[in-house]
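Given next, in structure tokens, is a single chain: the form predicted on its own.
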Amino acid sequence: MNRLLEAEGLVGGRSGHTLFGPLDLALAAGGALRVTGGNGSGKSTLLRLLAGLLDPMSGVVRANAALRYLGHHDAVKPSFTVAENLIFWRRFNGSGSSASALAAVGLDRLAATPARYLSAGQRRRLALARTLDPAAPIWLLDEPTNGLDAASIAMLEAALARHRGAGGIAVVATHAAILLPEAQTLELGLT
């Protein structure tokens, strides 16, 4: 089995307080993991550990392919246009077509609009446009449906299905119902 993402004996926490673990996980091409749990249970911490943004208290994470991470904050620069925001992230990540990414999230008609004029849902869709990069097999999404309407959630679900169908994987931390057929589920609890 070609594992794109693995964790062994992973323990995560904040300020010396253990939130979860030890846990083991492995995701191969086409796989998905839905991470659930109450506020403060460690869902965001887990995604940051998997993305390499935090060091674990113990254990190891192996990402065996390029990844994209979407956190709680959209990382949208208000003074940049929609297109300029995406161009910045595409250059930073080194891949993807800005025009096709904007069209995929329904923002192509707003390409010249300064991001400060976007609604919360439009900002989230812009963040998704930079994250849902088919050149990166691993997608780590923290509460990706925040601010999205039903049509945008359906767009996200379709993008996840296409990505997994092409051999990518997704780890989605969420409180919301989101369609992830045959996904593994990891429920984190407060300790």
Partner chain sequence: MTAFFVLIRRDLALSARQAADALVAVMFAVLVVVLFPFGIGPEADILSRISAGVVWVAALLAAMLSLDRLFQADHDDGSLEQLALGPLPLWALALAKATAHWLVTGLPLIVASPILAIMLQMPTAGLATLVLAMALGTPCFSLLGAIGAALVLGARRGGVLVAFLILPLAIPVLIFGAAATEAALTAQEAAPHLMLLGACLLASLALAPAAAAAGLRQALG
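Remember, it's a predicted structure, so these values are computed and weren't measured experimentally. Numbering follows the first chain given and starts at 1.
Separately, the form predicted in complex with the partner chain exists; it is not shown, and the next lines address it.
- Remark: of stretches 23-31, 145-153, 50-58, 160-168, the one touching the partner chain in the model of the complex is 50-58 (heavy atom within 4.5 Å).
- Interface residue remark: residue 92 is counted as part of the site for the partner chain in the model of the complex, having a heavy atom within 4.5 Å.
- Contact annotation: residue 109 falls outside 4.5 Å of the partner chain in the model of the complex, judged by heavy atom distances.
- In the model of the complex, no heavy atom of residue 43 sits within 4.5 Å of the partner chain.
- Proximity of residue 14 to the partner chain in the model of the complex falls within the 4.5 Å heavy atom cutoff.
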